[in-house]
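Next comes just one chain, in structure tokens: the form predicted alone.
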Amino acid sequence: MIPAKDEWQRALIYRHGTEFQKRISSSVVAVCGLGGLGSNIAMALARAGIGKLILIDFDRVDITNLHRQQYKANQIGLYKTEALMHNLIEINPYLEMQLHTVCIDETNTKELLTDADIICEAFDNPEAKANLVNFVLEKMPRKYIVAASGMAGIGSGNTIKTKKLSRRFYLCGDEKSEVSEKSGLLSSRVMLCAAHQAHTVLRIIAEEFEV
């Protein structure tokens, strides 16, 4: 049985407090890339009662995604935007979402991200990561961006950290580990990095900034 909206809100306020939940519920976050990082970021923010998620990815769910991404076996072949939307609704039936099943690049970045208060970079490709971060910092300087670098391998999860690189730019990860034939992506470590990103988003909303 799905809880009524006011019941859902009361439960969130009980956990987060009235003022903080009010801020969370009025915030818009864009998640660029819905793989291991992005799907887990979205899940955490949906559970927190975020006001609106802008979900951006052009890819479809593949069997190789299931070991670390928030999709199900029966969703193989679906676009990640659509599959994740259905999964998020099961968690938070009152979550507002905007889906963009496209490849984000310099021609559409500004249009796609205009409404976002905070942007999460969650790509696998290093070049795509750099392009998005550089675009936001240069062309959209009033936006906050939370990016990731380094989460591969079996190394200690304690090496994954969050750094504030400039007033509105945060970087999560170990900044070292890259995916290779010898160091794959494990769900546990990818989820740790995604949790850092989601938590950083919530800290920004709470105006609890890193030093």
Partner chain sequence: MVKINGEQLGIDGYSMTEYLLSAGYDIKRVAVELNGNILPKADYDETLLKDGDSLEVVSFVGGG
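Residue numbers count along the first chain shown, from 1. What you are looking at is a predicted structure, and each value in this text was computed from that prediction instead of being measured.
Unshown form predicted together with its partner chain; subsequent notes refer to it.
Asker: Okay, which stretch from 100-108, 86-94, 115-123, 70-78 lines its partner chain in the predicted bound form, with non-hydrogen atoms inside 4.5 Å?
Answerer: After filtering at 4.5 Å, what remains is 115-123.
Asker: How about I154: is it within 4.5 Å of its partner chain in the predicted bound form, going by heavy atoms?
Answerer: Looking in the predicted bound form, residue contacts with its partner chain do not include I154, since no heavy atom lies within 4.5 Å.
Asker: Is there a heavy atom of T162 no more than 4.5 Å from a heavy atom of its partner chain in the predicted bound form?
Answerer: No, T162 stays farther than 4.5 Å from its partner chain in the predicted bound form.
Asker: Can you work out whether V28 and its partner chain are in contact in the predicted bound form, taking contact to mean some heavy atom pair no more than 4.5 Å apart?
Answerer: Answer no; every heavy atom of V28 is more than 4.5 Å from its partner chain in the predicted bound form.
Asker: Look up in the predicted bound form whether A147 has a non-hydrogen atom within 4.5 angstroms of its partner chain, and give yes or no.
Answerer: A147 belongs to the contact set for its partner chain.
Asker: What I'd like checked is whether Q21, G51 and I56 together line its partner chain in the predicted bound form, meaning each has a non-hydrogen atom within 4.5 Å of it.
Answerer: None of them does, since no heavy atom lies within 4.5 Å of the partner.
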